[in-house]
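First, one chain by itself: the form predicted alone, in structure tokens.
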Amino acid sequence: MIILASDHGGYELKEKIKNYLAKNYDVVDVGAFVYDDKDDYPKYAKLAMQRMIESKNARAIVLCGSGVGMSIICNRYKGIYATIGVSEEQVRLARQHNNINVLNLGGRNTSFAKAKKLIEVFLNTDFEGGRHTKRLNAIDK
């Protein structure tokens, strides 16, 4: 399952991503469901993280204007490892070494073409475990 969420800053890109992913994945969209420039990213980040906690082995892609606001909220939840997708290599390493389960994207600074590449790396790269597991356990303590 892939959980999607966005505020107004990421809404347009989220809708494109949802249509793209729905062809091959079970996608759960927790909002926003319409463009409203008065909505706030904390609301949608919290909805996505609540759904992540309820669901085992889910991943999430959350979007706001820059990706930063959503990332801040997501990383406040135990067991959630979120990062802003900047490059394919950065996302690959974040999956391999940090076991990220949330990919944050900036709707205002990420093209749909780039988002698709980052998402494919996010969804198709495995966590290496080993020495990295010890580090993640230290974070959760």
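Residue indices: 1-based, along the sequence shown. From a predicted model like this one, the values you see are computed outputs, not experimental measurements.
Keep in mind that the form predicted in complex with D-ribose (RB5) is not shown, yet the notes after this line are about it.
S.K.: So, in the model of the complex, is Gly31 in contact with D-ribose (RB5) at a 4.5 angstroms heavy atom limit?
M.R.: Taking the distances in the model of the complex, the answer for Gly31 is no, it never comes within 4.5 Å of D-ribose (RB5).
S.K.: Does D-ribose (RB5) get within 4.5 angstroms of any non-hydrogen atom of Gly65 in the model of the complex?
M.R.: Gly65: yes, in contact with D-ribose (RB5) in the model of the complex.
S.K.: So, in the model of the complex, is Arg108 in contact with D-ribose (RB5) at a 4.5 angstroms heavy atom limit?
M.R.: Flag for Arg108 set to yes.
S.K.: Although D-ribose (RB5) is absent from this view, report whether Tyr41 comes within 4.5 Å of it in the model of the complex, heavy atoms only.
M.R.: Although D-ribose (RB5) is absent here, Tyr41 would touch it in the model of the complex, with heavy atoms inside 4.5 Å.
S.K.: 127-135, 114-122, 5-13, 20-28: which one contacts D-ribose (RB5) in the model of the complex at 4.5 Å, heavy atom to heavy atom?
M.R.: Of the stretches listed, the one contacting the partner is 5-13.
S.K.: Check each residue of 69-84 against D-ribose (RB5) in the model of the complex and list those with a heavy atom within 4.5 Å, in sequence order.
M.R.: The stretch touches the partner through Gly69 alone.
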